[in-house]
Structure formats: structure tokens, C-alpha cells
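There is one chain below, alone, in C-alpha cells, taken in the form predicted alone.
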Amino acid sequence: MAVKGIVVASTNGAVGIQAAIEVIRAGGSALDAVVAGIEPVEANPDDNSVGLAGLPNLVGDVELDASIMDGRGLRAGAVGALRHYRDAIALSRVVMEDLPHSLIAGAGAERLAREVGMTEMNLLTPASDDQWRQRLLRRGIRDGAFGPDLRGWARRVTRDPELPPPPHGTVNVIARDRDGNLASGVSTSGWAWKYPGRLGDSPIIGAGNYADNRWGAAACTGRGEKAMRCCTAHSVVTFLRFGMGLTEALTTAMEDMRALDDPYRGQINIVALDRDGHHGAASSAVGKTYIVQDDEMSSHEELVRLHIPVTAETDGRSADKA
């Protein structure tokens, strides 16, 4: 018996959610819908948190992370620290379907992208390059001349009280198809000005992304180190499994992060969908939104996330995209 198809996404997924729901309407799979929804975000030069035009790491290289998960059978694939190739979500699906692995990173991910014929490109646009240079110039660094203490600069650029927190937006897309199958995907250029090679929660199954047909799916944006340490996406799904409603599951997963000793600034956000098609989202910042569209809606709806404070420092912040 067919069920209602639905797509839930972070707000910056608005450029792709219509493509995702059209896949569902045509009888396509939740996996196909997730990829269709994320690819336009990865190609969007106006979004500097995902794919093309993503903000670079500390030394000026754009490194992409992504993952995809199939709620039917719990298959997953992910790529991390991918340079020179925009289509991180499609490459994650290649990992899931063509390799005996779940995560490929760095040079190996780039090799795989070449092997499957993806187009190599310069992901650093002039606008993103200028943001990187201006951020460093405020600390007296010109042309990436950090000296030998790069790890010290990673701490200082991140924690500088005179500057806003580094941007770290991400796109999340969760879909349920008309067969009732769930899938979830995440793609990001990661925390801006990060130490080279840093992986956040986005490519880590269970941290930033998780889907299980039996219970639901969840995905995260924001300071990924928090989600990694609390296994946040998996926690939401586990709380659903234990009988919590979606609001209680989201709230409990957010409140878990209050136990973290974390001196670095950064909000955390979750979107989720349960097996019955109920959707919800939460954020440590005030006023954050998410979007949803089912297969009977002509356009998506933007809704306000639950506000669950995690620390006094993130409470009230709402500057990042997601």
C-alpha cells in the first residue's frame, strides 16, 4: 500500500527540495530523492557552506564531506576531505553501492571521483577566497603565511572573541518514498578555516546522519564535533526506537550535549523524520528554521525549529545557514 512521500531539509535545501519531491511523485526511491535534493545545493554558488563556493580550510583549500544512508538495510556511504570535485553526495552513493567500504577520504576519495568520471573543478570561488583572506588579514596573516604553528592558529581563529564564530552550515535532506523507505543525506564544506583534513559529523554515520526504516531518520548541522561526541543522529533514532515521540527524541538528543566540555563556539541543529512521516527539527539557536514538502504540496513550507539551549554561548545565535 502506497504511503505519502515527504522530504524534509535544512533551510538551504530550498533550491533542491522541489527536485527531490518530483522524484518521489514519479515513483522514485528515497535514495534518488536525497541525491536529487542535495546536488543543486552543491552546485549553488550563493551557498558558501556546501560544494562549489564552500569556504576553505585554514590554508585555503576547499574540502568537502558528505554521507548518504539507506534506511532499508542500513547501507551507508561517505566521503571526507574531498578536494577538486563538487558532487560529494553522488560520490558517497558510489562508495555505498560500488565498494565494500562505508567511508573514503582525502586522496582516495579524489581518486574514486576520477575513476567514475566526475568533473574536476576549482571549488574556491573569488568570493569565498576573499572571505578567507579577509578573515586572516584581521589577525595579521597574509597569503596563508602562518609559520610552523598551524594548530595554534586553528585554535585562535576559531575562538577569537573579536570575530564571529566560523561559518559551518551544511545541507540535510531526509526523504520517505511511496514504498515507505527512508533515506538521509548530508553534504558540506565543513567548518570554515578548519585545520586541513578535519572531518566533522557529516561523513560519520551515526553522528551527523542516520536512517532506519524501522524507526526514523535524523541529520545534523552546526558544530559537528558535538554531534560526533554524542552520536546525535543515531541517538534521535534510538530514542524513537525506545518509544519517545519525535519532539521528546529531539529534545533529549539536544540536551545530551549540555554535558560536553567544549570551549569552542558553535551551534548545533537537527532535522528528523519518523517512520510514520512526522517531521521535526531542533536548534540551540533562536529562530532557526527548516523546510518540508510532501507529494501533495505544490511548494515547500518553512517552519521554525524547536529551540533547545545547549550552552549560554550558543543560546540566541542564529547566524549560520542550515
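Numbering starts at 1 and runs along the sequence shown. Keep in mind that what you see is a predicted model, and the values were worked out from it rather than measured.
The same protein also has a form predicted in complex with a small molecule, omitted here; what follows describes it.
**Q** Just one of 187 to 195, 76 to 84, 144 to 152, 124 to 132 has heavy atoms within 4.5 Å of the small molecule in the predicted bound form; which?
**A** That would be stretch 187 to 195.
**Q** Classify Gly71 as contacting or not contacting the small molecule in the predicted bound form by the rule of any non-hydrogen atom within 4.5 angstroms, answering yes or no.
**A** Flag for Gly71 set to no.
**Q** Do Thr170 and the small molecule come within 4.5 Å of each other in the predicted bound form, heavy atoms counted?
**A** The answer is yes: Thr170 has a heavy atom within 4.5 Å of the small molecule.
**Q** Although the small molecule is absent from this view, report whether Ser92 comes within 4.5 Å of it in the predicted bound form, heavy atoms only.
**A** Ser92 lies outside the contact set for the small molecule.
**Q** Heavy atoms within 4.5 Å of the small molecule in the predicted bound form: does Gly216 have any?
**A** Gly216 lies outside the contact set for the small molecule.
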